[in-house]
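Quick heads-up: it's one chain on its own, the form predicted alone, in structure tokens.
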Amino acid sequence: MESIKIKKITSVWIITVLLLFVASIVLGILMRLNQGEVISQSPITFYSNMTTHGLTMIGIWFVAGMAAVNYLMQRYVKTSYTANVFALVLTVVGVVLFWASTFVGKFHAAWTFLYPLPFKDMGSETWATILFLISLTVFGIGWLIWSVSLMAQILKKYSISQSFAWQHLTKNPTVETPPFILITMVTLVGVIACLITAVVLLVLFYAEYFSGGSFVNDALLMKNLTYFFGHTIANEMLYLGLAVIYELFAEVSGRPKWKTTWYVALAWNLSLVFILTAFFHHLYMDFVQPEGLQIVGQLASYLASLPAAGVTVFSIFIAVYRTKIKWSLTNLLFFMGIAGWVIGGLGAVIDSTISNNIVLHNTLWVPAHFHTYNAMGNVLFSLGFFYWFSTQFTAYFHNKKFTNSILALLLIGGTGFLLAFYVGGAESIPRRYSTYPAELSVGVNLATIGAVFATIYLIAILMFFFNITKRCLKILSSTS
């Protein structure tokens, strides 16, 4: 009975994520068309769409990774179905409240909602700010309970040292910690830390909102809290996808299951430290920030990309180099996603270098690198899982034409869409502009090109959506 329930709720998660993904892509295309002067949106509409697009994308790919990890964790420990359902319900409620705040209330302070922007009277309804904060609270409660539940289940079977695979740092460990458990545990620590930070941040927002002006927050503290939450959760969702790859890549490729070695254990434990301190690179321009924290941010930004990426790329390379494996849409999406993650990571490292950051950070280079490791990285991780999951319980016939079409459209659409951002960044086109002045006419042309290629990417996602949704609906209607 439990297996039927987990299959069905995972199917609901997949359909929900894909529906919201399609809607969010459309919003992104509309934004680029507006920047390309193909359509005309008011600034409030543009920034409301930007806010909706950004936070929805971060949220859906976080829960997509969580749903995949929750499903695969059943192989090792029993997870809480109640916590899963609770998170799903609160995610849906949160989306409704959040979209009401942006589409109806015209809240448009961006997904980063940097203080004090949410409190500024910029044309939104007076109730939109508090509804936005309530929506974040709803998200946070559901996701925090779900994350704590998953960690608690791991710790019922594995001790703290075993869950972090510390015994693998010595020779001949007596207990084997699967890579999936190690990576999930490392990721959940980061997720829980950033969600607790979000709680503190929201309490401070509420305190000022309801104080009637008698309480005013410190802007630098609020920015640190915001970026610790936002940057961390955006990166931890990538690690959820990597946990899935460590669990499934060898399996779907017909290769021996990956094991935890000393260098895998060391790499992921180091990643836990680096990813929690890399967010300081968002505050380089805040000159009142203590200089030591800026140095930490510089070092962590470099080091965060080395252990996990190095070990993962090495593992993937060894798995496919001069080896006959069974290629399918699942492991091809994983493989392409790893490439996108690495390329986007390199773009992030370039930007996080202080001397480069001065030039690049408020340009289109920033959406270039994070769209790379999301749209062509983490998204492909989750799509690979979705496809694998949907073929486990429904009649499946390998369709080479469908596979080739999906991959070609994703590669062509994604590459063209991203290049428009990278070239814009290299040309110093600013990010977040709803329209470009005459002096930045190259930005107009690049935006139009980006919208065209994003539409090609959307076609691939729609093909994927109809294929996977059809299978998931069959799972929902089945009795076994």
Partner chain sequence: MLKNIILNIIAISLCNLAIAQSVSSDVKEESNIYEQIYDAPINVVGKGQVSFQELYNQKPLLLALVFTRCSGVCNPFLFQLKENLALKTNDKSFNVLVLSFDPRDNMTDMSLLAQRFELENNEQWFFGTTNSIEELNQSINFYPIWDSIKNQYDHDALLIGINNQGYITKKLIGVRQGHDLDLLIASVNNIFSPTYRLPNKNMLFSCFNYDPKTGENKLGLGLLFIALPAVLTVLLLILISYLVKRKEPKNKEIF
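Residue numbers count along the first chain shown, from 1. In this text, all values refer to a predicted model and were calculated from it rather than measured experimentally.
Form predicted together with the partner chain: not shown, discussed below.
J.: Val200 near the partner chain in the model of the complex, any heavy atom under 4.5 Å?
T.: Answer yes; at least one heavy atom of Val200 falls within 4.5 Å of the partner chain in the model of the complex.
J.: Look up in the model of the complex whether Lys257 has a non-hydrogen atom within 4.5 angstroms of the partner chain, and give yes or no.
T.: No, Lys257 is distant from the partner.
J.: Answer with yes or no whether Arg75 is in contact with the partner chain in the model of the complex, where contact means some heavy atom within 4.5 Å.
T.: Answer no; every heavy atom of Arg75 is more than 4.5 Å from the partner chain in the model of the complex.
J.: With the cut-off set at 4.5 Å between non-hydrogen atoms, does Phe228 touch the partner chain in the model of the complex?
T.: Phe228: yes, in contact with the partner chain in the model of the complex.
J.: Answer yes or no: in the model of the complex, does the partner chain come within 4.5 Å of a heavy atom in every one of Ser159, Leu204 and Phe287?
T.: All of them do, each having a heavy atom within 4.5 Å of the partner.
J.: Just give me the single entry in Phe164, Tyr387, Tyr373, Phe139 that has a non-hydrogen atom within 4.5 angstroms of the partner chain in the model of the complex.
T.: Checking each option against the partner chain in the model of the complex, the one that comes within 4.5 Å is Phe164.
J.: Here the chain is shown alone; which of Ala408, Val96, Val89, Val216 has a heavy atom within 4.5 Å of the partner chain in the model of the complex?
T.: It is Val216 that has a heavy atom within 4.5 Å of the partner.
J.: Just to confirm the contact call: exactly one of 150-158, 236-244, 373-381, 96-104 touches the partner chain in the model of the complex at a 4.5 Å heavy atom cutoff, so which is it?
T.: Of the options, only 150-158 has residues within 4.5 Å of the partner.
J.: Which residues within 233-268 place at least one heavy atom within 4.5 Å of the partner chain in the model of the complex?
T.: Heavy-atom contacts to the partner chain in the model of the complex: nothing from 233-268.
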